[in-house]
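One protein chain, two forms: both are listed below as structure tokens, the first as structure 1 and the second as structure 2.
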Structure 1
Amino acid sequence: MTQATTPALPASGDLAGLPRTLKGKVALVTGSTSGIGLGIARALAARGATLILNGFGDAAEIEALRAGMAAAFHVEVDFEPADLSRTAEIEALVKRVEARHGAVNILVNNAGIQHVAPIDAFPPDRWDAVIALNLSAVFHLTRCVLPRMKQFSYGRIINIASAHGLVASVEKAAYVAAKHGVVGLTKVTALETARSGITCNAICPGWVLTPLVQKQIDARAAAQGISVQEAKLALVGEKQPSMEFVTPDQLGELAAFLCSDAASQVRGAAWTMDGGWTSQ
């Protein structure tokens, strides 16, 4: 889903005092102005990484977010508004980051959009848009950052796939196809870099309580005349046996682990964090 902006940085006290294990590393996190991407960006910044944020939204709100993260975590934070559905903008983005910082050491491919419709009513332009951002952008960003990663014999590529990268749901043809493609691309990238200091893994979240999902919950509550809590349980209960949402902060901690030395032999994994969704 498209990441919406948020006007203020969430409280960061829970991340205070963490070891600065990623100091000196440059992390590009796409779709990082809200939701999952923001949770991951916070976790990497808390460990000392220089951050490159990316996403769409109100310029003033994004600047407040950027400045707030820099102050809270005492790291350099840049913002890049590149449209990742356009190959030329991806290539230009990576060149700008490399010119300023030397390399992208950590790439988190998180940006994405969704469209829901039956296959025979799925608008071709929406199919193309979902595939372009959710799959092709992952390929192009990976393609562009790998040469410098190889040069420095270090890299961490984390692709945010989905439970829908492993299983399907109706009326989500483009999203499911793209996320299955991301899982496959992750495995190929891991194999091609297996004898290097570069790792590539996918994280496959289930339902995550982001601002966009909260809007779905609120809409369901209003439409069905039930409480927000009842709507929340109904939504998550359709897929996740745990009856609990995954949080962006939990995903951030998993991403931080995958960037660590302890995860140097985690390669090509499709790591689920889905409350049991894909175990059924």
Structure 2
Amino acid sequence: MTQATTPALPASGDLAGLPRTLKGKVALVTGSTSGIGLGIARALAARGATLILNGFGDAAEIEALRAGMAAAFHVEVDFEPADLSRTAEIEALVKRVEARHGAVNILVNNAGIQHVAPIDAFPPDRWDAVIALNLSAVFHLTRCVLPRMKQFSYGRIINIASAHGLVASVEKAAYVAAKHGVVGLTKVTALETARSGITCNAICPGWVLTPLVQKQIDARAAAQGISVQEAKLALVGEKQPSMEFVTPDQLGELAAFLCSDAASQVRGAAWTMDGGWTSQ
């Protein structure tokens, strides 16, 4: 593992001096209590956006996160606990944010789960759960925020797909199907908004060392009787030529770019940040 060779990005506190290019914008980042979503939320808050956090976790820890981010970046930060696998909760969430803030100007569809099993042993309820959150929630959130975005002639929709939105791996039927679906939905959304100030793009990360991936590393270590460190190296080495994990901070910077004016003609892209995974 050569992770240490990657130049360190500024810690979240250091982001506080960045230009406030997203001041006045309201950003909803789903699944932002952990991992990639949290990295993206920090990058957008650092640029002055009002942040709506969402996700599961310990209530006291989430409140500390919310208050800490508001204080570090001098922005308003709300937390919305909606379970995005439920359509009614998505609709209520968007209505609440619009009533309080006027509109969702930036939507980052990031919340996601994984289940690993061969197709003939894939539990149907796990298929339904992965499709509901990783694909259907992206559709429902997009459907719900678009009318106000159209009214204001501005919007940024960023869908966190995956290298698995472009290529497949064994034992990830639901995840790969959902992520390929997200890449397709991104293109449709981009076409339907092409003549407006609304853009829609997907980001396709390779391996990022988050709780979602740590579970897969722990399962591999247990199944193969190897150490967690050996399992981590095997996992990243199998797919990612750089042999380094992508970081949530790096993905946050890419999301911030997609929100910028410079990215106004980036439309319908499936932008990889995968250490070379999908170049093979």
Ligand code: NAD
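Throughout, residue numbering runs from 1 along the sequence of structure 1. All values reported here derive from a predicted model rather than from experimental measurement. C-alpha atoms forming the largest set that superposes within 1.5 Å between two forms make up the rigid core.
- Here the chain coming from the form predicted together with the ligand is structure 2, while structure 1 comes from the other form.
- Relative to the superposed rigid core, residue 232 undergoes a CA displacement of at least 2 Å between structure 1 and structure 2.
- Core-aligned CA deviation for residue 241 between structure 1 and structure 2: less than 2 Å.
- Superposed on the rigid core, the forms differ at residue 212: its CA is offset by 4.1 Å between structure 1 and structure 2.
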